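Only one chain is given next, in structure tokens, and it is the form predicted on its own.
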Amino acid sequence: MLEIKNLHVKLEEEDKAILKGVDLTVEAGKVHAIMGPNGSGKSTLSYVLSGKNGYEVTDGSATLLGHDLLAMDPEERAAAGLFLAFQYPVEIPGVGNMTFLRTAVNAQRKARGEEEMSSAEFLKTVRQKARELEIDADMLKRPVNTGFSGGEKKRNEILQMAMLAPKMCILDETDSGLDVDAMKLVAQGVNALRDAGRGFLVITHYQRLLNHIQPDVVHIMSEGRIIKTGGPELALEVEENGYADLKAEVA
């Protein structure tokens, strides 16, 4: 699904290396989690994969279903099946949530040569998905994320993901700023999308999210590299002991 080999990335403006040889393979049907201390490069990895400006890839490769991700524009990556749920979802005043969702869904369908979704079909689908995420009808009528609480913004991100049905889902610290109930709802939305044809990369600081989104594989990232990979028990070990022991072990 997603294959990253020896990825090196620096900030364009500062000439500062952030990723220093990341190797990672996410298989279809699997949930991989990345944990690590602040400044380890976790969010940078998500930004580079999604095509955010300001980063320069100096070495390595990243492919999605065998296609060169790094050669695509951000909208091409999205149409190819990549989705990024932001740590801090942006507000888009003046653009209605329903308009935004339908435009995004049909733009991607058109880019893939598929028939656009009719108004009736879209309305039926979005209402069903919103109910599952406990998003009320009023939220659908409001401008995108404008005036939403932190939990509402994150649920809106998962609604976008449910509507776009991507192949590869990257969640960048989706749990940050959420209370327990909001986190459970977001996790339920993610779990509902798990299937054999979809991969997930969940970036998080805390084990608590992984209690609800059970990962198949856990990676620990530090100083721009993945320093250890294991099963769900690795996240528990970090929660209990922190990162210092792992970093010392690798050193």
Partner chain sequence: MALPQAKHDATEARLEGLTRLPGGAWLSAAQDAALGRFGAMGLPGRRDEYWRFTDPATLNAATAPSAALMTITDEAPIFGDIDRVRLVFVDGVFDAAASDDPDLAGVEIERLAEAGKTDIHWSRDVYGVLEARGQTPVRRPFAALNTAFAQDGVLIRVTGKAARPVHLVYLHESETSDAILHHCIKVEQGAELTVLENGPGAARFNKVMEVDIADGGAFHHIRAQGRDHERRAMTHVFARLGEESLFKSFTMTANGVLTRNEAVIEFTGDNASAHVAGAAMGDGDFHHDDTVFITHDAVNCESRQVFKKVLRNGATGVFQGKILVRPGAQKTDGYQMSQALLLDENAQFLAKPELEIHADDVACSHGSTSGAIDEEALFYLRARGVPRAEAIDMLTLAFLAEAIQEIGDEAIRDEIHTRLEAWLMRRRG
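This one's a predicted model, so the numbers in the text were calculated from it and none came from an experiment. Residue numbers count along the first chain shown, from 1.
Just so you know, the form predicted in complex with the partner chain exists too; it's not on screen, but the next bit is about it.
In plain terms, the part of the chain that comes close to the partner chain in the predicted bound form, with a heavy atom within 4.5 Å, is 66 to 74 out of 26 to 34, 219 to 227, 66 to 74, 187 to 195. Screening Leu133, Met117, Leu140, Leu164 for any heavy atom within 4.5 Å of the partner chain in the predicted bound form leaves a single hit, Leu164. Within 4.5 Å of some heavy atom of the partner chain in the predicted bound form lies at least one heavy atom of Gly51. In the predicted bound form, no heavy atom of Thr174 sits within 4.5 Å of the partner chain. Not displayed here, the partner chain is kept clear of Leu123 by more than 4.5 Å at the level of heavy atoms in the predicted bound form. Interface residue remark: Leu84 is counted as part of the site for the partner chain in the predicted bound form, having a heavy atom within 4.5 Å. Taking the partner chain as positioned in the predicted bound form, the residues of 150 to 174 that bring a heavy atom within 4.5 Å of it are, in sequence order, Glu157, Gln160, Leu164.
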